[in-house]
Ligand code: SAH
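A single chain, nothing else alongside it, follows as structure tokens in the form predicted on its own.
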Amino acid sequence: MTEIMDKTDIKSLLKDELAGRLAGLGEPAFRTKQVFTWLWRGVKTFDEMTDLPKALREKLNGAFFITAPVVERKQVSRLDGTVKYLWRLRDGNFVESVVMRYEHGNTVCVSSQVGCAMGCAFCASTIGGRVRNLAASEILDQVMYAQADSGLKISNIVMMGIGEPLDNFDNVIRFLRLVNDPDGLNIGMRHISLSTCGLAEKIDKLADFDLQLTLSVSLHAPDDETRSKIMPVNRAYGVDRVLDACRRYFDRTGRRISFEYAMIRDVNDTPFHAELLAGKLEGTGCHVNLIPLNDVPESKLSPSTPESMRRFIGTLERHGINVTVRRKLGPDIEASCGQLRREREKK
């Protein structure tokens, strides 16, 4: 949790932690739910908690602070209604989140870090490296304020924005517990997807929590030689080590793994790669989500051709692998994460 001038980030506190802090201020137990509920309504100051005594609001103001991002830039797709936000945080850093409309409900894609240290060659989020981790409250704010600003009820969350969630493990776990709280947004774990580039020991650690969320692993290549070229993290966590961790995760949680695979022309989309991927995943009951590569000006990589995509899909399906192609939402607003922040930092 973040401390600023000896004040505590109140929105990052779990309910039992908040109860302990309020008891320390001499407040009765019933105040906990009152304060917690106000925070989830999106108040930005303690003075907005109008049913609390003035003396308590003054105590809260002296001990805590409330995070509240500012909309630096907002883009709405004319094609499908996708909404993209660039948020300015209290320290002047920027992160992005995207609200997407689907038939089954509205989904928000949130960031977990300012920047990213993983260095994937095809991703705009990692250019410039990692600046800092986001607090649980700053991840929560992306859900709460995107919902409030867009007017769209959020029913699903994907942690696929800027940053590697498992590289910010403790804050992400705290966020998941908070967003799942019945007195908060009460979003069920099965409506949350967490994407990782494959930090094997953190996948094992996540399995111990048995959260029943959907784990998405950014694989992007079935062999170490190819994966290391586009994902430096592979030098620490090779393909087989990542897949072994995924099998353990499935054994412990019973939750099917989804593998993300960005299709990159003449890099990882050849018949060789398709056959190797199918062989390694056959019989696992997993799901492969093929992703048409987004154009990043700083990258020389380009998306696969439609013919290569069809051939790749055919190979996986012949081996009984469940495969889908991610629908590209908000193409007119550069809805893939990292691009707006990169533009803002250039300025």
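Predicted model only: the values in this text are computed from it and were never measured. Residue indices: 1-based, along the sequence shown.
One more form of this protein should be noted, the form predicted in complex with this ligand, which is absent from this view; the next part is about it.
Among heavy atoms of M159, some come within 4.5 Å of this ligand in the predicted complex.
This ligand in the predicted complex is approached by N294, whose closest heavy atom lies within 4.5 angstroms of it.
Contact annotation for E260: at least one heavy atom lies within 4.5 Å of this ligand in the predicted complex. The closest non-hydrogen atom of K84 lies beyond 4.5 Å of this ligand in the predicted complex.
None of L277, V172, V108, C197 but one reaches within 4.5 angstroms of this ligand in the predicted complex through a heavy atom, and that residue is C197.
Checking Y237, Y249, F94, F122 against this ligand in the predicted complex, a heavy atom within 4.5 Å turns up for just one residue: F122.
With the partner left out here, this ligand still marks one of 214 to 222, 172 to 180, 76 to 84, 240 to 248 in the predicted complex; by a 4.5 Å heavy atom cut-off that stretch is 214 to 222.
In the predicted complex, the residues of 162 to 177 lying within 4.5 Å of this ligand by at least one heavy atom are, in order, G163, E164, P165.
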